Every structure is written in structure tokens, then in C-alpha cells.
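First, one chain by itself in C-alpha cells, the form predicted alone.
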């Protein structure tokens, strides 16, 4: 989308006499097309900056107040602690990861369909030397940039609520972003594979994202669940990301091999989703 400020910037750039040759611009687009898409996405997102910022601040405040302080007071009074720490410290990093992953459901479903069909936003960049693969990667990276800020704001609130006692708690931010990529890249590929939206995205919200939020160890240790239901956590990116965030924020104890499994699962899902998504974008955009 082109706004008035962008047109003015282009006008000033053209009048400066510093416009590179067309071949140079094409070469830059072939090399950095994914980043140009990210830049364009971020410029467009400025129109919703206030509402995005309010969501980033208000959502964690509501969760930490209701679940961390309200429910946490009852849990601490009854059980004493969970995993050796107050309930607010236990649930805080899980809420950080979960809220970021839930935001993925909004950013990499309907906007992807809009890019291909409803608004055909991908066809403008595709008319440049940027490749469909770069457009796919640019879409994912742009959303992840937003999640870096969202996770960072949540982490700062965890510190203010005294729910992140470890000096390494900031590592919960990259853990949350990696989790978002692990869920978001396959979801983006799935959305790109659809020709029409026949309630598939609503199905994902209700029967994939919501169960992960409830049964992936967010509110209680996965080990207290019946064994027959623990597989929901094992296959869920939320559980793997939450465990990494808990290690960062309060030093939750896990064997090294399991930590490596968490990282490998999340990285594998992200990489696999990116590779599949690139192929689908290339097929649909006619590369």
C-alpha cells in the first residue's frame, strides 16, 4: 500500500538526482527483495501502530493481573508453589509464549489469503525482480519483527511484576519468537495453499490454537495431565517454547538433551514451514 508520505519520499528521492540506474535497482531487488517486502509491510503497519501497541500492553496486563495475581494467590495459598516457584513466576513465561503464538493465527492466515486473492497484495512486489520465494520469506520476517516487539513488551511487564527473577530472563523473548516462527511458518504455508477460505482459519483457531493454549502446559505442568493427553503438549510448539522460556525466566530444571529437543523441534518446524511455503508461493505466483 502506498500512502502520501511514501509518495513524497519517492518524489524527493527522484528529484535528488541520486536515483541509481535501473539495472542497479533490479540487482538490489533480486538480492534484497525479501527485505524490501519487510520494509513495505512495516510502513503499512504504521497505520495501526496505536492499536497494535495497545494490544501489546493491555493483553499481558490483563493476563498477569487475572491469572498471575488473582488465580496465583489462590494457587499459592493452596499448593504453596508450582515447580518450586510462585504461580505468577510459573505461568508468566507461558503466557508470554502463548499470546505471541495466538497472534500468529491472526497475522499469517487472513493476510496471506488477502495477498493472493482478496487484495492481491503479492502481485505488486511480484511485478518487480523480487521472487515469490523472497515475498514468502518477507511476509514471515515482517510478522516476526512485530513479535520481537510484542514479546519484548511482555518481558518488560514480567520484570515489573517481579515474575522474571533470572538475569537471563530476556532469553524468553527469542524463545517466544522462535516458537512463533515454528507455528507461523507452517501456518503460512497452509494458508497459501488455500484457493478459498471455507472456515479453515476458524477451524485452526478453535481446534489447533485453543487446545495448545489450554493443554500445552501453560497453566500447569504437563506431567500432571493424564498420559493419554500429554501428547498434545509433546507435539505442540507452545509447550517446547514455554519450557525454554521457563528455563530463561526462573531456571526451570530440565536435562540438557530435552532442552536440545525443544530447540530442534522448533527450528525444524520453522525451517520446514519456510521451505514448503516458498514452494507454494512460487507455484501460485507463477514463477
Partner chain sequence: MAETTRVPGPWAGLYGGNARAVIERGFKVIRNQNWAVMVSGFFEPVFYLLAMGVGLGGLVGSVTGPGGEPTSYAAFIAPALLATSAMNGAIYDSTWNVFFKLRFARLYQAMLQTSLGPMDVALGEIFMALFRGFLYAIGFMVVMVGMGLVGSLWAVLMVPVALLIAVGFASIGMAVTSYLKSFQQMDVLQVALLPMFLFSATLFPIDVFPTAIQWFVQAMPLWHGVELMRHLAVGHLEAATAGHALYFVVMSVVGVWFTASRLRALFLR
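Computed from a prediction, not measured in an experiment: that's the story for all the values here. Residue numbers count along the first chain shown, from 1.
Separately, the form predicted in complex with the partner chain exists; it is not shown, and the next lines address it.
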{"property": "Interface membership of residue 147, the partner chain in the model of the complex, 4.5 Å heavy atom rule", "result": "no"}
{"property": "Exercise: residue 87 in contact with the partner chain in the model of the complex, heavy atom 4.5 Å", "result": "yes"}
{"property": "Residue 160: touches the partner chain in the model of the complex, heavy atom cutoff 4.5 angstroms", "result": "no"}
{"property": "Residue 167: touches the partner chain in the model of the complex, heavy atom cutoff 4.5 angstroms", "result": "no"}
{"property": "Region of this chain that lies against the partner chain in the model of the complex, out of 57 to 65, 235 to 243, 38 to 46, 22 to 30 [heavy atom, 4.5 Å]", "result": "57 to 65"}
{"property": "Of 130, 191, 75, 178, the one that lies within 4.5 Å of the partner chain in the model of the complex (heavy atoms)", "result": "75"}
{"property": "Proximity to the partner chain in the model of the complex, single hit among 211, 105, 174, 124 (heavy atom within 4.5 Å)", "result": "211"}
{"property": "Any residue of 209 to 243 that, in the model of the complex, places a heavy atom within 4.5 Å of the partner chain", "result": "210, 211, 213, 214, 215, 219, 220, 221, 224"}
